[in-house]
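Below sits a lone chain in structure tokens, taken as the form predicted on its own.
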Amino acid sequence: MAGLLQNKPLLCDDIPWINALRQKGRMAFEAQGVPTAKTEYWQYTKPRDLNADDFVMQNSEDYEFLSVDEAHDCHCGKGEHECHCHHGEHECHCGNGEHECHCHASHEEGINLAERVLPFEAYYLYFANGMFIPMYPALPAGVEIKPLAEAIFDGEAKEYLGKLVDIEKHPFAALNTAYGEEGLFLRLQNGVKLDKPIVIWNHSEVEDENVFYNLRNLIVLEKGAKAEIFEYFDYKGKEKSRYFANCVNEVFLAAEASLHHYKLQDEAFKANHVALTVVRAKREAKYQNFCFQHGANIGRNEVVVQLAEEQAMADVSAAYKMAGWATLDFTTDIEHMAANTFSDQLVKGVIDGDARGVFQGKIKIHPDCVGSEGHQLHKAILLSDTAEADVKPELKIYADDVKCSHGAATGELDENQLFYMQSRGIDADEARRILVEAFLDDVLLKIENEDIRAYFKSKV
């Protein structure tokens, strides 16, 4: 067992460019180390538990594509379209220029995938303890999904991996870069519009070892493409299991592309979950993000959006609900890098017990970005005398003729409303639940997909 820096064999480490990038990530993490209370963006979320020396980093299994195997060529005549089926039988159906891959895996990595289904139609991709389960849904033409290691092996990842993340500023992203081999490469070609969401299900189930894993996803939407992606992190196992999920997404949105990005963080209550999503949006691209956190000992979700060209838009919203001694952190950094760009942030939290909610939101309007708008609002309800909310809104404006606002409010449930509801025969717990649900309702309304919105409401 060891700490966060370990000597571990990595897939594709013999490829010069990825080996150099991993070494750069390792050196960046060594230079910064685990953040402390003196680290500006971590002053409220102190990851002291991440200094433990008993983490176990598992070795990924070799994928079959790492050695060329003609048996896995679907021979559809499309050249680049090779299906890699790692378990069970392989079927490839190509018609009307459409390439669909159906991989029927008999090995389920110890979890019952039949139970891993959400109450709406979706394309499902699964991870178990940070390792990809090689099962692929039948996807429409123009949609490419492959393991990150495969995209590294065939060179597709080189154009994107590490291009958006500043590893000198984000130590855990540097660590993720040092060990980046698990994750997905997802690309939608020009004009492709998915008819249902892609669900990326990250399931953890640990026993005696304190597992540490890194996930890295590359998401590329070409011009006019449109998609919904739902990241789900859940846990099943011993109540006091401790593990660390370190996740990074790099999202590239071409002109007029649109991505609705949802996330549900429901980790074990002693787990640690640190995630960074960095988005670059070009002309008229639209990025909508909604994250709901109510698990983990330390849960930090950070979103950085670069509005790089005119008319790019970002709507970054979140809700969190926790008790015990958890710390849930939602940190944002929205950069308006072009004129006439627009952003909106709404974050709401419900905090009980000795828990702490953290919101750090930044809006930066670069010089000459006239006509831009950026708005930010955080509200929290404290359900106990020992609950705590730490809020740091920040505006940096270097241009004239812009509209910006930020606000923050913290309070308690209205005792008069509680009394009125109880006087009408509603017990105290149910009255509190109704008021909490009503408090979170307007942030949930940010979710345009009604089925996904209903599912999030069921988790409140």
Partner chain sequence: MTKTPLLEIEDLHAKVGDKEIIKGFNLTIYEGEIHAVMGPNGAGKSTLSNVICGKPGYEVTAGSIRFKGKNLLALAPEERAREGIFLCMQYPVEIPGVPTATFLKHAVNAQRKHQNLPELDTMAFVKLMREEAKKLGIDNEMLKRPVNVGFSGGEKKRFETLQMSILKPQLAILDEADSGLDIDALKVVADGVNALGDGKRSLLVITHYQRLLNYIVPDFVHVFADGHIVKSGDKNLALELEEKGYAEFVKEK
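Positions refer to the first chain, counted from 1. All values derive from a computational prediction rather than experimental measurement.
Heads up, the form predicted together with its partner chain isn't pictured, but that's what we're talking about next.
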Practice item. Have a look at 24-32, 395-403, 49-57, 409-417 and name the one stretch with heavy atoms inside 4.5 Å of its partner chain in the predicted complex. Key: 409-417
Point to revise | Touches its partner chain in the predicted complex: A37 (any heavy atom, 4.5 Å) | key: no
Review point. Does the 4.5 Å heavy atom contact test between V391 and its partner chain in the predicted complex come out positive?
Key: no
Practice item. Tell me, yes or no, whether Q43 is in contact with its partner chain in the predicted complex, where a contact means a heavy atom of each within 4.5 Å. Key: no
Check your understanding: Any of the heavy atoms of A438 lying within 4.5 Å of its partner chain in the predicted complex?
Key -> yes
Check your understanding: Taking heavy atoms and a 4.5 Å limit, what residues of 407-433 are near its partner chain in the predicted complex?
Key -> E415, N416, Q417, F419, Y420, M421, Q422, S423, R424, G425, I426, D427, A428, E430, R433
